[in-house]
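A single chain comes next, written as structure tokens; it is the form predicted alone.
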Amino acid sequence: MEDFLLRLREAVSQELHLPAETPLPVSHTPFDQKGDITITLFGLAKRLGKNPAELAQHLQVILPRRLPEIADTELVKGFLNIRLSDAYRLAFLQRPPRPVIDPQPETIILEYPSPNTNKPLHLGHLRNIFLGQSIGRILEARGHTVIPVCLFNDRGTNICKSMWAWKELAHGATPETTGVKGDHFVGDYYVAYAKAQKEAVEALVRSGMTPEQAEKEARPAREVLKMLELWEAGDPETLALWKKMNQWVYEGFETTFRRLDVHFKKYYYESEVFHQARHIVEQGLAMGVFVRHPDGSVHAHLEEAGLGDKVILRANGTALYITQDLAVAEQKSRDFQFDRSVYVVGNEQDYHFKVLFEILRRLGAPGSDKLYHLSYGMVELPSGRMKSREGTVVDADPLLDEMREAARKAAQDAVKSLTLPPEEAENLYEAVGQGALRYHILRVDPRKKIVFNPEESVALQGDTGPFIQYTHARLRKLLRDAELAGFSLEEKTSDLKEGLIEPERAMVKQLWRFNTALEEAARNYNPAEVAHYAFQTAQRFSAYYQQVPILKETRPDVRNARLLLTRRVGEYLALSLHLLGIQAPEKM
């Protein structure tokens, strides 16, 4: 299709004597209209001083002469619809899917999911991971070089909260002695800290202290700040506890990453750039970008940029997230030569990244003009927003288990009829469960929030991942049955004696839309474009399968063409699912 569009643009530009750089307003023709490609004539007609009908009549005469692929044209209220020939469609089916490469490929750093090491990965992290992984694959399909990196927020007050609670309450317990996965084990103590702090605050308020003062004066809060000071001072006992608890979390994270098939080129750790961050603060003070206040705290005054007054170092000298992020950004620019550095982080951090990018710009940091925050909406439950410290989050591991079990329940009878070996059946349940969850999340524009409903996501009908996976498995079975029946699966259609019928033309018309969806997804960092394409393709093939006989077709040339069309649909579905991080089962 792209080769035709290129020649169409050249033909129109030459015939209308337009400058070569003039964009041609072309789009895919809606399915309820005749045609495959539509030229919008209003802007061109105005530019040339003609009315759209007059311009259309001219193009309807000259374009078929220059482009033999054109079978017919039709003017619909200022829109010229072009229908392509069956011969062109059949030639298109000779080729497997070919993603169109961006004419200016770039090297892109993609940072995600950047978790804190005080709690396990949860449903919000899963949206982050699914977005990052899918966007990476989409950008790679467009020819870009993607460098996935992960920043571990492995120091600070939140990490000290888990450390304090373990020291106070664990009595030496470990993940090994309790049988609890490491990240979950540490996360339990983060919740325990919140409970202890709440009880201490309530006691102080009952004694007459204001809630605000009580929050600061409660023993857990005071001792956590002291622990952070000890960490930054290099206290051996504090560092030993910190290393031990972080290692438990890393082991837990890695187990989940392997399950999700997530891999990173490089890991960054806030703790490793801590001293570098202090150097940047001193540099910023010397440049006048930062100001030290009388209490010893360091600030960035960003009022003229509409970002207010941002603390960079606390009065006690301890650092904040923004301090480390400045250093990590600088380190990434040293590690990689990049054209874009993309941060995949939820929209609750919009202000943080505006401040970060503004400060980096003022510091003259390398690559500060190449930064982008991919801001996405939060995932909420029907009961409302998740809160880690209150223990109301949906943790990733049990959710993945739940989705696998839901897939098992939904597909068990069908799997029995397939007589799959137990291990293969378990892999299928995992693939369908993850496919349901990933698609449920990725089909929504990243900028919108999601209210998670697991029951909707596992259905085998409707706009779901399992429906697309099932459609792929069904057409793969059709092709296997064709082979068993001895039918030819040669990828040729030159011996087709008759033209295509309308459902086949519509199916090819749908396949032509793939690269448009891919380009939009890459441009807007929006996998939902590919998700919608995959669903529409599966939906149209299901309708085609019901309408048109394939294996029962008695004319060999027609049957071969339909089998080739079926194979291509399967390849486009498999590729689309891969871009979403979803497996395309052969059997289901």
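Keep in mind the model is a prediction, meaning the values are calculated, not measured. In this text, the rigid core denotes the largest set of C-alpha atoms whose superposition between the two forms falls within 1.5 Å. All residue numbers are counted from 1 along the displayed sequence.
Absent from the display: the form predicted together with the RNA. The rest refers to it.
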Residues 4, 21 and 339 all lining the RNA in the predicted complex, heavy atom within 4.5 Å: no
query: Does at least one non-hydrogen atom of residue 43 fall within 4.5 angstroms of the RNA in the predicted complex?
result: yes
field: Touches the RNA in the predicted complex: residue 81 (any heavy atom, 4.5 Å)
entry: yes
message: I'd like to know if residue 269 sits close to the RNA in the predicted complex, meaning any non-hydrogen atom pair within 4.5 angstroms.
response: no
query: Quick one: is residue 349 in contact with the RNA in the predicted complex, heavy atoms, 4.5 Å cut-off?
result: yes
field: Contacting member of 477, 195, 361, 167, with respect to the RNA in the predicted complex [4.5 Å, heavy atom]
entry: 477
message: If the cut-off is 4.5 angstroms on heavy atoms, which of these, 373, 259, 292, 447, is the one near the RNA in the predicted complex?
response: 447
Candidate stretches 72-80, 100-108, 178-186, 246-254 - the one whose heavy atoms come within 4.5 Å of the RNA in the predicted complex: 72-80
Stretch 117-135 - residues with a heavy atom within 4.5 Å of the RNA in the predicted complex: none
- request: Inspect the rigid-core superposition and answer whether the C-alpha of residue 142 shifts by 2 angstroms or more between the shown form and the other one.
  value: no
query: Against the rigid core, is the Cα displacement of residue 311 between the shown form and the other one at least 2 Å?
result: yes
C-alpha of residue 300 off by 2 Å or more between the shown form and the other one on rigid core: yes
